[in-house]
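The same protein chain appears twice below, in two forms, each given on its own as structure tokens and labelled structure 1 and structure 2.
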Structure 1
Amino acid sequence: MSERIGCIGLGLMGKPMAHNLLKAGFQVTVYNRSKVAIKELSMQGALVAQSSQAVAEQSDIVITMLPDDAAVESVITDEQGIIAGAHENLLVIDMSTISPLTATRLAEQLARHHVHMLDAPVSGGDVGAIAGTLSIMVGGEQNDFERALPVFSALGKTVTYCGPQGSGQTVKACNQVVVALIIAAISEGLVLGSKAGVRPEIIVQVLSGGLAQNRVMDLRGSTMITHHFEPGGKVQFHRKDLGIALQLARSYNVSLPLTALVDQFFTTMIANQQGNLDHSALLTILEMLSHHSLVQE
């Protein structure tokens, strides 16, 4: 592969994504605050950089996968950030989930240094990141999108060009709204049916064969029943994503009453030290409100 790829952020999503780029034959340079992930990837053939600046200097395309707006902005604009390592024809692909407004502002800032940017958030969780089957939604210039397609092909199964800068993040906000409401709907159905005397696994089996079938239930239905909430998508990050959606809705005068309700459920979970659980643990809030648990003692 001719393009040299840099990866900044090697967490739950970023590490398997970097691994898939190595498997696809790219030269990959990595940087992360945690050294454990760096060591693992270096053993797989990745080059190691000492700063975001160094990653930019050694790469043609830099991918960032970070927790929030502040982290992305820091990696791009800090003294030893991407801008400090900017060079001609550098392309930054931010695959984090951040505000469309932040994505657009950072793209404009990078453009002043002759650096191109795509916002390309993903859906599919850690399962999709590991399998290389992520859904990737991309905003930015069409020619930058076409340049990045070989990279996206190593990371995802469904890659969609959504429009100008910020469009990828806008679609991701819509995605997170729908996922949150689906989790809430599954939780309500499971608690209702279980408390009425039907085994939860029967409920999932029946719903999976009809109009109610959905990807979230395919991936999380069985683990919700058994209360196994190891994170694929953490509560704290999904609450952050809903905050982005609600901010966007306010700016366009769009009403999102159900999203606001689920946002409050997630806030309750964080207040109860459940922010690091998988977002499907929203089920426990419905169980608590109904005085019933799917897991019988």
Structure 2
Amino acid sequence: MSERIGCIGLGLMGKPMAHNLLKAGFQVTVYNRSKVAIKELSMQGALVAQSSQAVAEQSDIVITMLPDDAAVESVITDEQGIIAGAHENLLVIDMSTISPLTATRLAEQLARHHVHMLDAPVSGGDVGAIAGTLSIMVGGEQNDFERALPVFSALGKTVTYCGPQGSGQTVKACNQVVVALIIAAISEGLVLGSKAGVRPEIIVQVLSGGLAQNRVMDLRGSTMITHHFEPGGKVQFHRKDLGIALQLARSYNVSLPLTALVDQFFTTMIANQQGNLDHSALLTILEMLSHHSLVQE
């Protein structure tokens, strides 16, 4: 008999993920603070629970998909949280993006109640969540990882075991560092070339054919040039992720000078009401610093 799944958190990511689990034939019990998504999933065949505790009691595997560290901690440790519903054989898979330090601490707390935990953050955004093509980075015990594979297969395309507890979140943090700095790299290149008189389309075309090629530019080069910044990956979420990376770096005494700088630029964007734009809008900060726009007025 296949495992009974619980889903806590039915937002932009969590809702389509629960839907994909139902489609894959799992029994799914859901809980969410806001009731709209619950109704929708219930009509698709999900069972509805009244608390995180109830989800845990009625499930073998509980997936949490929540906005931040505080939300995950609360769902696990609150009076009517997962620990209150703990039972033998329960596995918690947190697929939110949170600090590796928080993930490790919560795993230890759950372990005291004989509950196992995996950290399994994703990349691929809401598009990947809907299509079931997420990339999933998993930290925790290898046994638990193998147990969870059928669940991951319903949600994602690439699933990678990264190491012990927290490793999934650590790899996600690395990913967000590299993506942010690549956006900054493209931005500095484009502002330099454009203000020096070359059409930015030419720059993207030439750079795409050589060592400077990168997927951000493949996907976003043309929209950066025309200032089309519909998300995609929102600035506010990427800044949250850089906050996690910088906190992790601080705790391990890792110096990240470029990441720290780009984090400041993301903060400027949020101050400028740009938090809901695609993260490639970082270009506009580099433009502002040089009083130049790629878009001809």
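Small disclaimer: the values here were computed from a predicted structure and weren't measured. Numbers given to residues start at 1 and step along the sequence of structure 1. Rigid core: the largest C-alpha set superposing within 1.5 Å between the two forms.
The form predicted alone is structure 1, not structure 2. After superposition on the rigid core, the Cα of Gln213 moves by 2 Å or more between structures 1 and 2. Once the cores line up, the CA of Asn253 ends up 2 angstroms or more apart between structures 1 and 2. A two-part rigid motion is described between structures 1 and 2, in which the smaller part turns by 13 degrees against the larger. For Ser280, the Cα shift between structures 1 and 2 is 3.8 Å when the rigid core is held fixed in the overlay.
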